[in-house]
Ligand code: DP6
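Let's start with one chain on its own, the form predicted on its own, as structure tokens.
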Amino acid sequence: MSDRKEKKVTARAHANIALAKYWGKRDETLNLPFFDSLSINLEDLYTETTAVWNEEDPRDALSINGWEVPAHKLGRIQKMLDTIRAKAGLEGMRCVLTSRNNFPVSTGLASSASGAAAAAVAAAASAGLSLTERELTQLARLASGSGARSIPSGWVRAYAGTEPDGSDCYASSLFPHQYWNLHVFAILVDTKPKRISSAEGMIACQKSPFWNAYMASAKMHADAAQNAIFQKDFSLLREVVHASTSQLHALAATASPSIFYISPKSLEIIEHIHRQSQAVPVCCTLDAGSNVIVICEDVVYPFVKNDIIAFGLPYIQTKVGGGTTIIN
């Protein structure tokens, strides 16, 4: 492959926040979830990743915000790159990924999802592959289960599928990002990396005595969320978002050992938003971290923003965003 001209490609992917959570895998190697999930992309939280394949480097390499990831920690990113290498016939070639985020990483704000999506699109394009959106979601999934959801635009559903090889496990857009004018605030309760990763948490939660009950309930959340979004019924959406969030974190507390992603300050914010949600169209959610995502309709935006300012914490104001794109 020495006559192959190097091609640098940079892709931008947005973090996504799950409204109906994905938690637990039926296959750890292929990152296949037990059930469907549904999310929105966050326009102003993104990762930009540049990829280039060459013969100069002895191994695949990844840097995140200037930090060189040790080779033995490439993990699922390595599997994704190996898949691209095989598809493109790049034996003997190595990929160098340079990634930067404009928001805190490993804090429950889905930096792994946007990172996986940006890396998948950039590395595949740099390798000369022309893949469909569905194929790109499956590629990103190899690096991060939720990464598949950052590939399509707007309101996205990830389908768990049933095939052992994951051929029917992919993500697609239900509605474009302009579909429903909602305001989103990411409240930065804690910007330090979380102590227990999502991958570790998912495994620990399967030891909870309530795992089967959680599974039975969580499997219904994606359908309920999709129905609420289709109708633009914020009251219905709030119900499923709060149920999905509460059940995940309650499950984590009963894992073995117990996991507490929610901090006291997170809980204070959650309790306040839950009280407000009885009167106004607002809801909140957290993934596996202490940072709180608040979502509201346009009619109450000024009121909700004033409440968030009163918490005295840094926050990122955003909206539902588009899918992963190549920017150069």
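Since we're looking at a predicted model, the values are computed, not measured. Numbers for residues come from their place in the sequence shown, where the first is 1.
Not on display, but discussed next: the form predicted in complex with the ligand.
Checking 165-173, 146-154, 235-243, 89-97 against the ligand in the predicted bound form, the stretch whose residues place heavy atoms within 4.5 Å of it is 146-154.
Taking non-hydrogen atoms only, Asn31 approaches the ligand to within 4.5 angstroms in the predicted bound form. Under a 4.5 angstroms non-hydrogen atom cutoff, the ligand in the predicted bound form lacks His14 among its neighbouring residues. A residue is said to contact a partner when one of its heavy atoms sits within 4.5 Å of a partner heavy atom; Lys25 meets this definition for the ligand in the predicted bound form.
For the chain shown alone, Ala255 is not a contact residue for the ligand in the predicted bound form, no non-hydrogen atom being within 4.5 angstroms. Interface residue among Ala228, Ala199, Val184, Ala160, judged by heavy atoms within 4.5 Å of the ligand in the predicted bound form: Ala199. In sequence order, Asp287, Ala288 are the residues of 259-297 having a heavy atom within 4.5 Å of the ligand in the predicted bound form; the partner itself is omitted from this view.
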